[in-house]
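Only one chain is shown below, in C-alpha cells, and it's the form predicted on its own.
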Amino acid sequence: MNENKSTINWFPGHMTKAKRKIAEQISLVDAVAEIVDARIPFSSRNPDIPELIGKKPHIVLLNKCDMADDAQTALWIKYFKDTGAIAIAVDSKSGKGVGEFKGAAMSALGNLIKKYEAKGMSGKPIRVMIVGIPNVGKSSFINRIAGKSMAKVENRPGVTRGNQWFAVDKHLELLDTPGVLWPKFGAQAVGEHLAMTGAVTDRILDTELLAMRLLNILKVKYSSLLTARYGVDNLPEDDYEALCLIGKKRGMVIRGGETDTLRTANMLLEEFRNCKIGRITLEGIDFSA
C-alpha cells in the first residue's frame, strides 16, 4: 500500500443499493439497532447512519465485546449513551449481553407501545432494523437472538444481499439489511483498522505494513500483552525491527537468519483477530489511533 495515500476506495455497487434500501424502508420500522465492532467502535460505524435513521430510537450494539478491552467498552457505552442512544455490549457467538436487547428495544419504544395500547392494538409487534458494515456480525446476532439459524452467516464481507424480515417472537420483528460501507475512508487509520479486524479484505493494504501499524498501537497500549504472548521486552521503537524481533522469537526465519516478515505479519494479524494476544480495543474513546 502507498503510505502517502490518504483515502481508500472500497464501495461495491451492491452497497450503494443497500444504502438506498435503508432509506426507502426506514418508515417500516420503529427503531434502528446499529451493530459495531467493540474493538473499533469508531471505524466500524457508517457515518451516514444517523442521517438515514433520522429521529428513530437508536440502539448501538458493541459486538465482539469478548475480544475487546472491558474498560474501553465501558467508556464507549457511556459515549453512545451521552449521544442519546441506548448502548449494549454483546457477543453474538457466546450470547453475552444479547438477552438485554429485547428489553432495551421495548424501553426505547415505551411511548409507542402505550399509543398502541390506547388504540386497542396491545401486543402489536415492534419492528427494529438491524444495520452495520459488512462482517460486523449482524447475521450472527439475529441467529443468536432468534435461537436458531435464521439468517445466513459467513465470515467474509458482504454476505447478506437483500433485506429480510425475521420474527423473533410475537412481540419483536427484525429487518436485516445488507452491510453498508461508505465510498471513501476519510482517514487512513479507518481503513487500516477495518483491515486489521478483517472487516475488509487484506488485499487492499500491504500485509507487512498493516501488521506494523497494528504493532505500533499494541506497543503503546498493550505492551504487557505482547510481552506475555511473544516473550519480548522493550520492543524497538521502529515497527519493522519490532516485527522482525517477534518473528525471530517465533522461529520464523529464512536462509541467512533473516526474519520471514510476511509470515510473521500474517501470524500477528491472525492472532490478533482470534484474540490470542488478548482482549484489545484499537480505538480509545478519544478516537485516537
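Keep in mind it's a predicted model, so treat the numbers as computed, not measured. Note that residue numbering begins at 1 and tracks the sequence as displayed.
There is another form of the same protein, the form predicted in complex with ligand G4P; it is not shown, and what comes next is about it.
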Legend entry - Which of 118-126, 99-107, 138-146, 213-221 lines the interface with ligand G4P in the predicted complex (heavy atom within 4.5 Å): 138-146
Inset, instruction - Check each of 48, 239, 260, 66 and return the one that places a heavy atom within 4.5 angstroms of ligand G4P in the predicted complex. - result: 66
Inset, instruction - Could you check which residue among 90, 87, 190, 200 gets a heavy atom within 4.5 Å of ligand G4P in the predicted complex? - result: 90
Inset, instruction - Tell me, yes or no, whether residue 174 is in contact with ligand G4P in the predicted complex, where a contact means a heavy atom of each within 4.5 Å. - result: no
Legend entry - Non-hydrogen atom contact residue 196 with ligand G4P in the predicted complex at 4.5 angstroms: no
Inset, instruction - Using the partner position in the predicted complex, report whether residue 133 sits within 4.5 Å of ligand G4P, counting heavy atoms only. - result: yes
